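The chain below stands alone, shown as structure tokens; this is the form predicted on its own.
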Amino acid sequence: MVKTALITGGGRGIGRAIAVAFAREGIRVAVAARTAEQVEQVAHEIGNGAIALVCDVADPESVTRMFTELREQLGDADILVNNAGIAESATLVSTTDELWHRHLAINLSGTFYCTRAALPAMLKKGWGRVINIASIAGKTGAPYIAAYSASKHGVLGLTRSVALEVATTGITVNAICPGYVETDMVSRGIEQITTKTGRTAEEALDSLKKMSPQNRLVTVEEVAAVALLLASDEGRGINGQGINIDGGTVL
């Protein structure tokens, strides 16, 4: 039976790579983001009935509308990938209320809203996969990312709790915890480093690479490969885990 996957933040980076990998395996794909242009392009590139949906995961009403549109066009989600997220840096004393709440609303509450909306249909079918894109920052701390790290720690706590709640139902809930990945988000991070430190972009990139024992960034395809395993029947024994893809940065 053909499965249907919903991927938030599916217009670029990790979300796009997962969408492409899933479609290659015959999974029907819906990609969602706050703006239509990028996800429409991804859906067009994938073809095979892939659809684009507009959603602000921080808004529960928007999430409800997204799942209604998905159900009308492709049916219920068998696989949910909670990938939508933001990452901003600031010292703690300069972290504004808005920055703090923005990270919790998108990274943590967005994951909660989407998971809550997807679970009833999965429970009814007796099969489902929830894959949360977290971060190694959800397992450790680092300067200047208190809001981001706190939100990703929350995603891991949510992952573990829901995984145990549905463990006997045919549903698995897991998180993938990448290190620095070759994405636009990291490119923006490099820009911030160059602005604040005066280092060149190449020097900033090297500093990020050196945070991994492998001295490199993770690729989006590596993250997508783990997502494919977690989405498969063969991955059914993996539940409640936060799987690092970081070259050994966090052990």
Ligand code: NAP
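The structure presented is a predicted model; accordingly, all values stated were derived computationally and were not measured. So that there is no doubt, residue numbering starts at 1 and follows the sequence shown.
The same protein has a further form, the form predicted together with the named molecule, not shown here; the description that follows concerns it.
(message) For a quick test of understanding: in the predicted complex, does each of L74, I79 and M122 have a heavy atom within 4.5 Å of the named molecule?
(response) Not one of the three qualifies.
(request) Taking 4.5 Å between heavy atoms as the contact cutoff, choose which of I171, V181, A118, L108 touches the named molecule in the predicted complex. (result) Flagged contact: V181.
(request) Go through 139-147, 123-131, 85-93, 162-170 and give me the stretch that gets within 4.5 Å of the named molecule in the predicted complex, heavy atoms only. (result) Flagged stretch: 85-93.
(message) Residue-level question: is V186 within 4.5 Å of the named molecule in the predicted complex, judged on heavy atoms?
(response) Yes - in the predicted complex, heavy atoms of V186 and the named molecule come within 4.5 Å of each other.
(request) Give a yes/no on whether R34 approaches the named molecule to within 4.5 Å in the predicted complex, heavy atoms considered. (result) Yes.
(message) Check A227 for me: does it contact the named molecule in the predicted complex (non-hydrogen atoms, 4.5 angstroms)?
(response) No, A227 is distant from the partner.
(message) Contact with the named molecule in the predicted complex for A30, defined as at least one heavy atom pair within 4.5 Å: yes or no?
(response) No.
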